[in-house]
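Single chain ahead, written as structure tokens, the form predicted alone.
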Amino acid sequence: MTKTVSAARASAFLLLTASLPCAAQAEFAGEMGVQQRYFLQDALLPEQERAQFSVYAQPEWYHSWNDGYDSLLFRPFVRYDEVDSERTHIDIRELIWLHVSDNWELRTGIGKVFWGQTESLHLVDVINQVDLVETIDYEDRLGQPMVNFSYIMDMGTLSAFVLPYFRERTFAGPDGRLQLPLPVDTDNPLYESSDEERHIDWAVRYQATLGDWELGLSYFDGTSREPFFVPAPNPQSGEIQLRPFYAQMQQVGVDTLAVAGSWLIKFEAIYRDVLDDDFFAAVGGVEYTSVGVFDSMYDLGLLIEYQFDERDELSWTGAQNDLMIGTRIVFNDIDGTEVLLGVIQDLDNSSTRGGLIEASSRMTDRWKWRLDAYFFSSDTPTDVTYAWRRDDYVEFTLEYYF
């Protein structure tokens, strides 16, 4: 199960901060929902089911004082899944104290940070660990303990991060789907560092807007969020399972976004040194938006991105030489309806491809529906998506905001 910060400590912290003088009332909001997944094919394993129902809640408590120069944000997350015990989990996404000054900011606690610009893959985004039991698109992340200092200048923002505790990646349980070829032993991870999860990682990032360009430069030194896997026998059954191994790494990253009329030009690249080996990876492409296509109220966006990774088949993402083509339809209606369709094709293997559908719309001020679908195809056992070749699924979520 995912390691979480003690609820008792969090409650005590909130009680202490509640006694602080405030310039504004505390705000309480959040969302909750029900979700139904349906897999289109029978699973590879007999204990796996085709239907998977879950409920979740993500409340948010915000409190500010000192004329707004200090604030506290608390955002926990909880999900109950009727099938997968590993997907039933609690996490503190954010419990962060923010102090702002004229030209600097200090964040302390558990936070979320996003780096990147591209649609199909986020290479430079290394601060928060992936919450893989939530979705497979790497969009959901676990809360990360951190101290973050940002200095704001006319020429951009320089940020430094100290990350004193590492979060392990989550994986589906024995009854869940979207598994790896062998069970993952999340209870016994391995680390290159003798400090294990208490190794102190650090990072710096410079971000600036230069005319029509947004530029990000970053450096990370610490425990890799992307595990390797070591086969090992289960002590009880003797069956072979995978133990996650978290190595130390150094990564240099760059991400850019340029606006040129109706065009968006996106690019991310990393150079990473891990386990005495180094590699280069990049993803880049364009998005063109036609406003009021065919004299209608709809906006039609066309996306194309190319993914490259020197590791070839060793890439965890499988994006070693792939092409993503997609379209985004914005209805421009009062409900904010949007649809994204995409296909990712492996250029080295015609049988390996994936597809996605993401659609959402509001029903009222508080209710919203969301539809997500993912499709996988691979005839190559060494491909990362081969284990998911029968895990095509459609997911419908009904969300309530309060």
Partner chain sequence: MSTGNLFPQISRCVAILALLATGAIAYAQDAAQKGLAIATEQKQRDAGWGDSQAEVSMILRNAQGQESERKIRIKSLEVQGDGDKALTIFDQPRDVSGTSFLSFSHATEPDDQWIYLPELKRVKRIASRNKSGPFMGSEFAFEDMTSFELEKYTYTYLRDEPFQGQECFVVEQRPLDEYSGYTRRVAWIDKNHYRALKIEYYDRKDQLLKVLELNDYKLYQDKFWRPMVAEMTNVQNGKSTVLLTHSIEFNTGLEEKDFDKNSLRRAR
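What you are looking at is a predicted structure, and each value in this text was computed from that prediction instead of being measured. Numbering follows the first chain given and starts at 1.
What follows is about the form predicted in complex with the partner chain, which we do not show.
Report task. Please name which of the stretches 100-108, 220-228, 84-92, 164-172 has residues with heavy atoms lying within 4.5 Å of the partner chain in the predicted complex. Result -> It is 100-108 that comes within 4.5 Å of the partner.
Query raised in the report: Which one of Ile200, Ala247, Ile152, Ile304 is close to the partner chain in the predicted complex, taking close to mean a heavy atom within 4.5 Å?
Result: Contact check passes for Ile152.
**Report entry** One residue of Asp67, Asp42, Asp348, Glu27 in contact with the partner chain, assessed in the predicted complex (non-hydrogen atom, 4.5 angstroms)
**Finding:** Of the listed residues, the single hit is Glu27.
Requested in this report: May I ask whether Tyr80, Ile344 and Asp383 each come within 4.5 Å of the partner chain in the predicted complex, counting any non-hydrogen atom?
Outcome: No residue of the spot touches the partner chain in the predicted complex.
Query raised in the report: Does any heavy atom of Ala51 come within 4.5 Å of a heavy atom of the partner chain in the predicted complex?
Result: No, Ala51 sits far enough from the partner chain in the predicted complex that none of its heavy atoms falls within 4.5 Å.
Query raised in the report: How about Gly211: is it within 4.5 Å of the partner chain in the predicted complex, going by heavy atoms?
Result: Because a heavy atom of Gly211 falls inside 4.5 Å of the partner chain in the predicted complex, the answer is yes.
Query raised in the report: With a 4.5 Å heavy atom cut-off, would you call Gly261 a contact of the partner chain in the predicted complex?
Result: Residue-level check for Gly261: yes, a contact with the partner chain.
Query raised in the report: At the 4.5 Å heavy atom threshold, is Arg243 in contact with the partner chain in the predicted complex?
Result: Outside the cut-off, so no.
**Report entry** Those residues of 361-376 which, in the predicted complex, come within 4.5 Å of the partner chain by heavy atom
**Finding:** Sequence-ordered list: Arg362, Asp365, Arg366, Lys368.
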